[in-house]
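Read the single chain below, which is given as structure tokens and is the form predicted on its own.
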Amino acid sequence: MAPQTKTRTLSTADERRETLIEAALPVFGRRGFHAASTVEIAEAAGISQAYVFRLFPTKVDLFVAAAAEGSRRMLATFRAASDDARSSGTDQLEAMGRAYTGLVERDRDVLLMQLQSQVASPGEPKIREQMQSCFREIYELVAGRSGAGAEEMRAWFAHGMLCNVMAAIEAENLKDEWARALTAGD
């Protein structure tokens, strides 16, 4: 009887790219662009560091891809919430805001990646362009679906930024009056 051999399934470059982005998002989110190492990301993805650079020529390119994945998750959350609100006849703008709060509670990496992207934007044009694209797409989706005007959109984004800060510093876990006041309704 011949010995059994294991068959090895090879991943395509696109599959490896997706795996790498999934591994990079939490590393970049927690450590930031400059502190995150491609060695750590490669280990998390189960690939060599050399292969990281075959898939993404630069660390900036990998960071931008991870930021784009975070943006994709946000946009998908907003679309789903808008669709649900439209079918139930509830306010779409409020529904999308609540959905974002839920997203950052269950997928903290999206929140952290967004914050790290904002920090890295001034020094890295490709990251800044990704963040501009993210905000443009969110604005167009939310304003288009909700019918909100410029002033209402500014207030919606401002509330979202407050939610980001409060979530990042875990203010919801504090008993202080200021924390309760700033996180009320989130």
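One rule holds for the numbers: they count along the sequence shown, beginning at 1. All of these numbers come straight from a predicted model, not from anything done at the bench.
This protein has a second form, the form predicted in complex with another copy of the chain, left out of what is shown; the following refers to that one.
Just one listed stretch, out of 119-127, 50-58, 66-74, 37-45, contacts another copy of the chain in the predicted complex at the 4.5 Å heavy atom level, and that stretch is 119-127. Heavy atoms of V27 never reach within 4.5 Å of another copy of the chain in the predicted complex, leaving it off the interface. Contact annotation: E15 falls outside 4.5 Å of another copy of the chain in the predicted complex, judged by heavy atom distances.
Although the partner is absent from this view, L141 stays clear of another copy of the chain in the predicted complex, with no non-hydrogen atom inside 4.5 angstroms. Not displayed here, another copy of the chain is kept clear of A80 by more than 4.5 Å at the level of heavy atoms in the predicted complex. Contact residues in stretch 137-159 (any heavy atom within 4.5 Å of another copy of the chain, taken in the predicted complex) are Y139, A150, M153, R154, F157, A158, H159.
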